[in-house]
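One chain follows as structure tokens, the form predicted on its own.
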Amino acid sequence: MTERADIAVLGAGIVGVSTALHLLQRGRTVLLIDRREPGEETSYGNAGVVARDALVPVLFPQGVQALWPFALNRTVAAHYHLRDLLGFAPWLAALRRNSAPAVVERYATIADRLAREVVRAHHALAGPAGAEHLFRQTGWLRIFRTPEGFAGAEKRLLAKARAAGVAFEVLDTAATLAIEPHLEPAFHRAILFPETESVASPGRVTQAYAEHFIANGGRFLKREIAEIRPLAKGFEIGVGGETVHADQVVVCLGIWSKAALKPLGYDLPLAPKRGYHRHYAPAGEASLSRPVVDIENGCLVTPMLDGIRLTTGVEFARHDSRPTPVQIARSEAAMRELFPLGAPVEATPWMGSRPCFPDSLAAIGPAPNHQGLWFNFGHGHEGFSQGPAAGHLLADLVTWSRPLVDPEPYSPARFS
């Protein structure tokens, strides 16, 4: 049997589902394909934050003193598999180049354009999809344990937030405890970003968007994607022993995009930054009303439908390497100093891979060498935030509409 569609969207995470829904709204016949149900991969496991204040890219540690704890592999924020580290060397070298001050300033300007749209783009989908009840307008807290950590935020983040008109409030310990009384007073300062929103289940939000897509005429095919084959006109996609024909193809496969596109001649600098989460019952009567980020340790706690979700920082390892318990154990120990976590809800932690380019920008736009092939992946730590806005932008480009934001910085051609 051969399925046919105007456009096949490969990948049913938040980016793929949002892209498919926006294309459907433009009158296209759209087939969404994934090996799993919508929202069951990385879109399930993230922190569920829709971040207005995402203005600073991931940075390479500056100076030997800052780099040394990471080199020793002892930090909470990052961990690496030694046998996999050599494969990350070119990517890390590019990250170091992209951590230069002038590049970071350029990134802030680019990121602000999309960050202005992320909350509005989510609600444009959440309302019709019946998912508004999963959203919280409580902002989020960035916690700084030390004066040095807060001074770094003043230098890197707050100046950019002021320039971009992002609302924030600097809180001392007492003011922070007034809005989150069950935090432990083991920190120096906190910053509340009230325009940032969060959700009670990013996986369920993605599923709601997918159900809305299907209810309005979109089709979903649960199949393993084996191959993308360009034809004289359009494309064939091998899926689980069957064939799909589409005039155009949008690749939204996250970290799996690299392998899917390599046979077509694209060798992209996309790296997996693995992360873990685990849900906990709160100890005693403790509660939490918003996400709280421990900035120096790169971990976060946030209330979810399944419990208090603890997310970790970055693990540098191949996405298919065995999970390791190091980061979740270190993050749990660190977070217990800030919030009274109770017993874990699951027997084992969840693990996923953030698809990251070394310039911290996604690839959104036409493939350089194949007409009708489009990229929308590599959103890194901002995938859930950016998914609906990125889907809107990609649909604008496909349909020759006025783009939501300037697409040039996200062009896949920058890797050619």
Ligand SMILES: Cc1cc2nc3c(=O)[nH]c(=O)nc-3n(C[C@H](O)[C@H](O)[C@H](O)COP(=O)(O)OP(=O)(O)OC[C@H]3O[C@@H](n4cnc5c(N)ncnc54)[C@H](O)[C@@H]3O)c2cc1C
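All of these numbers come straight from a predicted model, not from anything done at the bench. We number the residues from 1 along the sequence you see.
The same protein has a further form, the form predicted in complex with the named molecule, not shown here; the description that follows concerns it.
Contact between R36 and the named molecule in the predicted bound form is found at the 4.5 Å heavy atom cutoff. The named molecule in the predicted bound form is approached by E41, whose closest heavy atom lies within 4.5 angstroms of it. In the predicted bound form, the named molecule stays beyond 4.5 Å of every heavy atom belonging to R189. Taking the partner from elsewhere, W68 is found to have every heavy atom lying beyond 4.5 Å of the named molecule in the predicted bound form. For the three residues G16, V49 and H379, a heavy atom within 4.5 Å of the named molecule turns up in the predicted bound form in every case. In summary, among the residues G372, G352, G365, P61, the only one with a non-hydrogen atom within 4.5 Å of the named molecule in the predicted bound form is G352. With the partner omitted from this view, the residue of G275, G203, P272, G218 that lies near the named molecule in the predicted bound form is G275 [heavy atom within 4.5 Å]. This chain is displayed without the named molecule, yet in the predicted bound form the stretch 245-253 from 89-97, 126-134, 163-171, 245-253 comes within 4.5 Å of it by heavy atoms.
If you take 153-173 and check each residue for a heavy atom within 4.5 Å of the named molecule in the predicted bound form, you get nothing at all.
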